[in-house]
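Listed next as structure tokens: two forms of one protein chain, kept apart as structure 1 and structure 2.
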Structure 1
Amino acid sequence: MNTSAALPPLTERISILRWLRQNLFRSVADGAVTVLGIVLLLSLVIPIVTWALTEARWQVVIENIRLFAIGQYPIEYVWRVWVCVLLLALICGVSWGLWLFRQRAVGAAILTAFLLLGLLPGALSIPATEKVAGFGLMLPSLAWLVAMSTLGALGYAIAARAPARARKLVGPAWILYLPVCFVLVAGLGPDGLLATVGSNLWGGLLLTLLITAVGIVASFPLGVLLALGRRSKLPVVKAFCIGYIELIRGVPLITILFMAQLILPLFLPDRVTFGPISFRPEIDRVIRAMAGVSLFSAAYMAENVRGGLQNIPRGQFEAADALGLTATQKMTLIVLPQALRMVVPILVGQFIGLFKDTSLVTIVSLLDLLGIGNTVLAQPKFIGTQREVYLFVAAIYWIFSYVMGAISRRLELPQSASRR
């Protein structure tokens, strides 16, 4: 067959009127529903936009932006938080270049939004009259955000120029990032650049992200182990895993948080003695909250992973046995990678829910993002600004949730392509 003589396929001419007719006004009923929806949407959007532009007192957000970001974290150690942000920007830039290279416009929009944030007065800036722990690092927020954008672009360029080497380094970088960040924020000693900062001073978005990150990192391996234990042939292991999963899933998260804050200290001994050393064991409030969130999330993680394991065809197990693989090799090389890939949307959905559920730590006297919002509302100058504060907090939660959802959709593409 002469392919050069073949005519190109017929295509319909696309226009705005054709698109409207096909999607919104295909029939009389569709047109009526479209008009009704537009009227309802305008009746809601116009008052909200008018209020936001003319009546809202956004000064409550502008003047308290540092509290929303880091709470009462000492101003002289804010550079530690910025170092964590810079490291995150570099790693995210490399990851973006490897996995989201087609989304350049979104990346540029995010960097622009951060730069605009630096123009707000008091946005994590360090007054020029203060010394920073003897380090002499006195930079305004805009300078830090410019550095962050530069490192993000540098990471993207590294991934584009050397993708093979970047793939080898990005995994360990993500694994090491959380411990390094935790050490920077908490400190190591009583004096110096890394002087200890008590967790009672952590707050705002900083505390929310730390609890979320620790909850995700700690609950993931624990949930995988619980899922494997529930499918185990050992009666004791299987019974323990089933009992733990069903018990935790049968109570709300706030109950776990109260138990971690109030009941857990009752099980600790009054004194612990090692020879001449004697001390009273105590667990930090933030650590207890992180432990409660991690244990709660692990139970749901286990059920999600178990659903993925049950969807693996029996032939995969038989093929692994035919190759002479051990039980550990079969599970780590054959079964688990396929099972986790199947449940990526469910896992990301759970991570998003975990991020939003961290707002419950406000009830146990931890000033996370929502807790800081309630504290700001108690300022006499900003009484009656509940709508502005809660709308700003809701926007922050939505932005992070949307980013995680977008990453989830990007991770699903290789799986869907392989299935086709």
Structure 2
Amino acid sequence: MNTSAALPPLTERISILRWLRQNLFRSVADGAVTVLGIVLLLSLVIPIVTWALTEARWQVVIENIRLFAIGQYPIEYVWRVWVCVLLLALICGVSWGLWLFRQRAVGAAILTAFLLLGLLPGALSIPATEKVAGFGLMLPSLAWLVAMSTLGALGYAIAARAPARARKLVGPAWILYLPVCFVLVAGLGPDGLLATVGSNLWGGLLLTLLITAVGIVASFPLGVLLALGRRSKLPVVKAFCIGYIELIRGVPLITILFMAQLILPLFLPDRVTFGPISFRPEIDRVIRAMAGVSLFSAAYMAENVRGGLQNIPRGQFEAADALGLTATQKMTLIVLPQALRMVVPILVGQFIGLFKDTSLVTIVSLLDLLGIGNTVLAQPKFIGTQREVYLFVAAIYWIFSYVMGAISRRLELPQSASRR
């Protein structure tokens, strides 16, 4: 049996050779293509890597990292943003514990997302020369990571022990999360801990994520209503919904964003009077952009939801009717839960698209991630660093989109939905 001891490395070598032959050198032509491919690859990668390691001035990103993260958000209130992030960690932990405890892939993806988010606060504390009034900002990134993982783990631990009925709380918690964040970011009163921070000061990734979140949350109900309307038996309602959906889907987002910026304010009355109160209604530019994005996204949402609705067998409607459920009960209890579950991966894809599309608010002069990039490039110190700045911006978008996409691909719905 001496030979068998010597065999494994040999077979390994042979299988590598076989792999090479099958995957790279099937024929002479194949081999040539392989060589060509390698040459192409190297001729692209080597200069890029060399540039990135030697020539590139990454200082532009490092010195402006806070701008990229939160724009001009006042430094003494930055802790409010981090509270949002910590809350997110908590909710994610709880949801993971209640919903998805068996799915390690999802957990890993969420963890990655948090590691990335965790690096940001740390990075923010880099310009240490700044005088910091608030607390929390100067914590090293490690502390943030520890805090977030602790909260996430805490949420998970609580959730894992909670009774199954607690599942019902996860939805409302998520629904509540956004308004809470909004209040934390925007503030409530003229001063105090929660002093108002005007939307003109929101910027960078913070603004990008806020517009995305509002866009998702606002376009979801709107899209569902439009989808139901498009399938309505009432011709007038149906025509209206078709008209809206096709109009929006037929035009570029940028025209809608301009419309939101330029024409939406004109639609408001000059003065609004309620008894003694009289004021001039105004919507600020960030809200206008959010409205534009939501109105746009709703039309696409409607089409995706309609795809789900079309796949609900007629028998489901009939069974609901036969049991005496009302039309509303039939929709909310039977049809929509099934239709929405069917299209979750598609909707996640659409949300990723929405996230990327928010970069267009740069064109209407908002300082989102890309807009901040442009302002950074205007700093005299960093003339000529376009590649560094835009690559950094692209990398952030890429990571977020890729992680979200990876989660949605791995996400297995609760068994009931995938069956039948």
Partner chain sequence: MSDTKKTRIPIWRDERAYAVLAQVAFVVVVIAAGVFLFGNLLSALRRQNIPIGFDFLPTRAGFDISDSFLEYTASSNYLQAFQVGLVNTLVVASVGIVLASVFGLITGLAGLTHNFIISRLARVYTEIMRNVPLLVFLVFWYRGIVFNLPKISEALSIGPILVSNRGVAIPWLLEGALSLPVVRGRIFDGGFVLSPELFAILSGLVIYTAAFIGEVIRAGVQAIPRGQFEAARALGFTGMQSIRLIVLPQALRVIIPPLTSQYLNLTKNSSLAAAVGYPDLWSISTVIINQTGRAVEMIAVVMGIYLTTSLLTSLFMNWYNNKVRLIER
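Start at 1 and count along the sequence of structure 1; that gives the residue numbers used here. All of these numbers come straight from a predicted model, not from anything done at the bench. Only the largest set of C-alpha atoms that superpose within 1.5 Å between the two forms is called the rigid core.
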- Note on the structure: Properly assigned, the form predicted in complex with its partner chain goes with structure 2
- Item | Rigid core superposition, residue 152 Cα moves 2 angstroms or more between structure 1 and structure 2 | yes
- residue 399: with the rigid core matched between structure 1 and structure 2, does its Cα shift 2 Å or more? no
- Taking the rigid core as the reference frame, is the Cα of residue 320 displaced by 2 Å or more between structure 1 and structure 2? yes
- Once the two forms are fitted on their core, CA shift of residue 340 between structure 1 and structure 2 in Å: 2.4
